[in-house]
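Presented below, as structure tokens, is a lone chain in the form predicted on its own.
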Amino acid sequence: MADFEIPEPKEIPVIPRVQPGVMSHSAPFVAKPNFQEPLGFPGELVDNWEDVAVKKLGELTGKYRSLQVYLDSCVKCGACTDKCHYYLGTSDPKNMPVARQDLLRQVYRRYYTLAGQYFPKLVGAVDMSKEVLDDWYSYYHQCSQCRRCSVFCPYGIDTAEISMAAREIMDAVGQGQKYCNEIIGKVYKIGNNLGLPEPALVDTLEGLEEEVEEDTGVKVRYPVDEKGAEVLLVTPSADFFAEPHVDGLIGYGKVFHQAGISWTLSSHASEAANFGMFIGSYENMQRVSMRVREAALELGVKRIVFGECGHAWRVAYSFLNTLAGPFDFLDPKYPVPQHICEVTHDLIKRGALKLDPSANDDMVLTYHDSCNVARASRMGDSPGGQFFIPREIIKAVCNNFVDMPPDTIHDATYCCGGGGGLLTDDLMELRVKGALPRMEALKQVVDNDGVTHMAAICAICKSQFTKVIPYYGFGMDMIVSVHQLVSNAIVLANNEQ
């Protein structure tokens, strides 16, 4: 039972009446020094934090021209006001993208514009204060950096960039978020978000091999740290233990096995996710990304493939070559990096996989476009590949597929409600309310088309949905991995390598 009001899904979505301050109480746990310091941040709020915050803001607007343009160019047209899933689910006006941006913009104007320095009240400029910092900490952790608002903004203002900057400033003054910073620290210490050590990883994968052989009669390998393999698979650590994630990992292995592609995981880089992006820290993004480069060099692979994780693919597609390149030691025939869906889609097109779609006839599928795949990256060599490649895979392995309403998919997709470093139980109210628009779209195809399952290619989306959809009357097992469907349909041959 929830200790908060659960929004009621409507047949026709409704823009809510504003309720000022209704979510002002929502904030994640603050990081303690042992989580801050390994990332290069102060352990707690520094004495002169106001000056440090203002100086950091100036540094960021000087370093990132786009941030200054976003802060300068908003004309308050209102195009974004009803586009945020958190506003639609909470009705708090500070969750309108324009209002959330203004929390940073009002400080920027006070210190970095002439009008704000001389006539602050006329331009909505305010001094940096503890009240402002508290608002930042609350509402910039009510943004999943999904970028839906930027799709509809006539100036292309990216609220995600503003949220990332605000979080970086807060970290710089010693007011970091426990969830994200603890996770990044685990990657530095062990290699993955879960803190799963190498022996446990090896044991887990050996267990998968036994399970798949028992189920199929075919020995499919799930190797770790094998030098000379063609492919280094970098996948979210959720794939190692949780459903439906692990079913997707089983599918990856079956695809590589059937295609005769040698592959390996790395205990050094056993994590695709990169939470450095969520906190706006390119330095930490780079440190996490370098582990992938180091693993690829150590193992002597020819290509790097990323598993099903939305923001991992955003970082890999948009930043990996810049952060950890050049990757001139890899096979130039392949892009750096590749998504597992690109690999599987190509094999399906070439007829290299024998598939039996009837294996998934117990399901009627729909597909959730994950934000960071849909709006911050691409797949394949054609525009829109990030939309049609996963759907073509699903249609190749399933006989029953229905899309959700057109204004809720592709680049207009709604966020799951738990992205951007918000997948933590201390933000459960926000997560449940933020899922409302997606739940309304899902309910529509469930009621009208008999949909029984929703597939996704993002670890955070899958984790978020399995936790929050029961609040809306759906079963946890309704969420499946795309490669779980591939795993069900693939007809294996005994090609031991």
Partner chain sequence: MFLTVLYAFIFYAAFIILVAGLAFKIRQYWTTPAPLKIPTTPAPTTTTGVVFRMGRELVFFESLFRSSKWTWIFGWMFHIGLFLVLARHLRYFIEPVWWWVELIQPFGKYGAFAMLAGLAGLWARRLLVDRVRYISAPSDHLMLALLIGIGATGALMTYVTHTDIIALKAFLLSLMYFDWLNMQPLPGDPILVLHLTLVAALMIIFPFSKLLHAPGVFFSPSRNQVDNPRERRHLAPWAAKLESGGQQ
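Numbering follows the first chain given and starts at 1. As the structure is a computational prediction, the values presented were derived from the model and not from experiment.
Another form, the form predicted in complex with the partner chain, is not on view; read the next lines as being about it.
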In the predicted complex, the one of R350, K333, K227, K121 near the partner chain [non-hydrogen atom within 4.5 angstroms]: K121
Contact residue in the predicted complex, chosen from T61, Q444, T452, T466 - any heavy atom within 4.5 Å of the partner chain: T61
All of V75, P154 and R375 within 4.5 Å of the partner chain in the predicted complex, heavy atom check: yes
Interface membership of M478, the partner chain in the predicted complex, 4.5 Å heavy atom rule: no
Close approach of A115 to the partner chain in the predicted complex, 4.5 Å, heavy atom: yes
In the predicted complex, K83 touching the partner chain (heavy atom, 4.5 Å): yes
is_contact(V69, the partner chain) in the predicted complex, heavy atom dist at most 4.5 Å: yes
Which of 47-55, 444-452, 30-38, 61-69 lines the interface with the partner chain in the predicted complex (heavy atom within 4.5 Å): 61-69
Those residues of 337-359 which, in the predicted complex, come within 4.5 Å of the partner chain by heavy atom: P337, Q338, E342
